[in-house]
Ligand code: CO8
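Heads up, the chain below is alone and in the form predicted on its own; it's given as structure tokens.
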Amino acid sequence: MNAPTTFSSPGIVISGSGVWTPTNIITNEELVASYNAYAEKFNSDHKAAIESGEMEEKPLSSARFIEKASGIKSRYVYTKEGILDINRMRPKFPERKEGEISNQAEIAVKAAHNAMAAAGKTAADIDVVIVSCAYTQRSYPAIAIEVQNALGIEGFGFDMLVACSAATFGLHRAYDCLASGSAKCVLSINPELVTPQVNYCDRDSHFIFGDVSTAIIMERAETCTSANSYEVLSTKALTKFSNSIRSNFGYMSRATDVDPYGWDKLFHQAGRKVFEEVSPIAAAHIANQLASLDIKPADVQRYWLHQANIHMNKMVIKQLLGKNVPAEATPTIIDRYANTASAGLIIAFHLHNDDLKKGDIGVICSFGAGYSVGSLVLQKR
């Protein structure tokens, strides 16, 4: 694993953020009631095969198990229809015509408007649109170009897929565009429409994800007019290949003649292994980045960490600081949003940054599939 390079900042700032939250909520209790009904029906329908050892019995779940394992209490979803139907166990999306805006572009635009308003920017101010998320609805044309068109932005746009580090890696690319002079203002969006990739028939993963869309405006300091902005002191990225978090859905299924919707084509992970392997990588990553800036971990006022599992975040902070810290120093939104792939830390940043004072330091850090770790060190202006 090669050590990534950390660069000094040429006066680039985050000047606005935005979040779009669906109106539909599914609580742990609702999800468990549906899953348990499905599991009991499955076990009854396959009783003979289960007793002979040909199939495994579906274990039952509980709301307490979910909250204890992850810290999740509920999640927002784009559509609730179909998810709780034990004869379907997946969301139901009416297919849109090619002339209609895609679901993902639609929610991206909503988050973008909120971020643009916060930064005081119009379409004329922006020249790059980045859509970076765990899954895109289609291969092409790029969702980013569709969003660019819907917003009336001149310039260029492109999509990125970096799983749970998509938001931070998207911000890295925004930073690079600004540092190189190829852009003056970048809109980076994370329309995380994740529920279609959830296996609602799996007790260990059916509760993990929710849907949301987030957006960030990044620009050079001299054009920033926002009353609440953060200078980017450095960016840092790291990847190390692992199969412990995987989704195999893709166009190759048509050529390999396998079930395009089989269990391995949906999200699956070795949860305990991920917890044990990723936590120390993330903690060391943050420590090294801060050291390069001569900043001690204890001198950071706010850590906006990836919102996948509350226990993982506590482990990262403890490994980094050697102790637990006050809850306000590491804001948590996973309890009500669940894991929203790359967008969770942007939600945490959006909801918990107004109280910081000029000169305060904050760290945005993602960690997830790949493995991948991406971070930015920020200073309140």
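Please read all numbers here as calculations on a predicted model, not as lab measurements. Heads up: residue numbers just count along the shown sequence, starting at 1.
Omitted here: the form predicted together with the named molecule. The next part is about that form.
S.K.: Can you pick the one in F93, Y135, F249, Y76 that has a heavy atom within 4.5 Å of the named molecule in the predicted bound form?
M.R.: Spelling it out, the residue with a heavy atom inside the cut-off is Y135.
S.K.: Go through C185, I143, I153, V198 and name the one with a heavy atom inside 4.5 Å of the named molecule in the predicted bound form.
M.R.: Of the listed residues, the single hit is V198.
S.K.: Please determine whether F158 contacts the named molecule in the predicted bound form, using a 4.5 Å cut-off between heavy atoms.
M.R.: No, no contact at 4.5 Å.
S.K.: With the cut-off set at 4.5 Å between non-hydrogen atoms, does S102 touch the named molecule in the predicted bound form?
M.R.: Answer no; every heavy atom of S102 is more than 4.5 Å from the named molecule in the predicted bound form.
S.K.: Although the partner isn't part of this model, could you tell me whether F209 comes within 4.5 Å of the named molecule in the predicted bound form, counting any heavy atom of the residue?
M.R.: F209: yes, in contact with the named molecule in the predicted bound form.
S.K.: With a cut-off of 4.5 Å between heavy atoms, is V274 one of the residues that contacts the named molecule in the predicted bound form?
M.R.: Judged by the heavy-atom cut-off of 4.5 Å, V274 is in contact with the named molecule in the predicted bound form.
S.K.: Is the named molecule in the predicted bound form near all of S17, I333 and A338, within 4.5 Å of a heavy atom of each?
M.R.: The answer is no: none of the three residues contacts the partner (heavy atom, 4.5 Å cut-off).
S.K.: Okay, which stretch from 64-72, 347-355, 45-53, 315-323 lines the named molecule in the predicted bound form, with non-hydrogen atoms inside 4.5 Å?
M.R.: Correct option: 64-72.
S.K.: What residues in 293-327 sit within 4.5 Å of the named molecule in the predicted bound form, counting heavy atoms only?
M.R.: Read in sequence order, the residues that approach the named molecule (within 4.5 Å, in the predicted bound form) are H306, A308, N309, M312.
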